[in-house]
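Only one chain is given next, in structure tokens, and it is the form predicted alone.
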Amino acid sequence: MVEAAEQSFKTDHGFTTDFWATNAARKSWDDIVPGEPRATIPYTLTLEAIQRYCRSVGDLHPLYFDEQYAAASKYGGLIAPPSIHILLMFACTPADDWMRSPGTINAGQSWTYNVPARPGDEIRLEARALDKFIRKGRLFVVHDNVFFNQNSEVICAGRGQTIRPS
């Protein structure tokens, strides 16, 4: 049933956008085990996905669109903007990942960036919960995420807290 629901909401980039479709299959706060790796899936980052993302957030820098400009830059070619990790977070996690639960609130995050993601990169995510706690009746999870390219270079790494739905 989850697979059928996922199929009906897959974008042309292969990830699901309807977070409610697979909500029943997700782990609850009680099921999250700190230290346990989250299931992730590899994703090939395309130029089209980068440029669609950039247009959607209004970032039209030539490093993401103009091959000649990008080739003459210190990057030597087209790259993705650092904030592409938002797209990658959804592309590299299955639809039933607990981080996609409707009602999740971002309680803060910090990211570091190492090498830029590029068109054609095979992106891999390593992610896990680090801790969970209850404060003022709210359910918190502390988590980290590290994105790698096909050469095992770290693209970016982040740590954050989310308030989980009860």
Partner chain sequence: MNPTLPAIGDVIDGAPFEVSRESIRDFCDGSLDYNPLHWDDEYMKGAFGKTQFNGIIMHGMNNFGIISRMLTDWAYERGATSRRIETRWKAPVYPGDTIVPRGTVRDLTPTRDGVWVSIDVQVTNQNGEAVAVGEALVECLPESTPG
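Remember, predicted model here, so these are calculated numbers, not experimental data. Residue numbers count along the first chain shown, from 1.
Keep in mind the form predicted in complex with its partner chain is missing from the figure; the text below concerns it.
Taking the partner from the other structure, its partner chain in the model of the complex has a heavy atom within 4.5 Å of a heavy atom of S101. Taking the partner from the other structure, its partner chain in the model of the complex has no heavy atom within 4.5 Å of any heavy atom of T44. Of the heavy atoms in I86, some are within 4.5 Å of its partner chain in the model of the complex. Under a 4.5 angstroms non-hydrogen atom cutoff, its partner chain in the model of the complex lacks K132 among its neighbouring residues. By the 4.5 Å heavy atom rule, the three marked residues R52, H61 and F90 all count as contacting its partner chain in the model of the complex. Taking its partner chain as positioned in the model of the complex, the residues of 94-119 that bring a heavy atom within 4.5 Å of it are, in sequence order, M99, R100, S101, P102, G103, T104, I105, N106, A107, G108, Q109, S110, W111, T112, Y113, N114.
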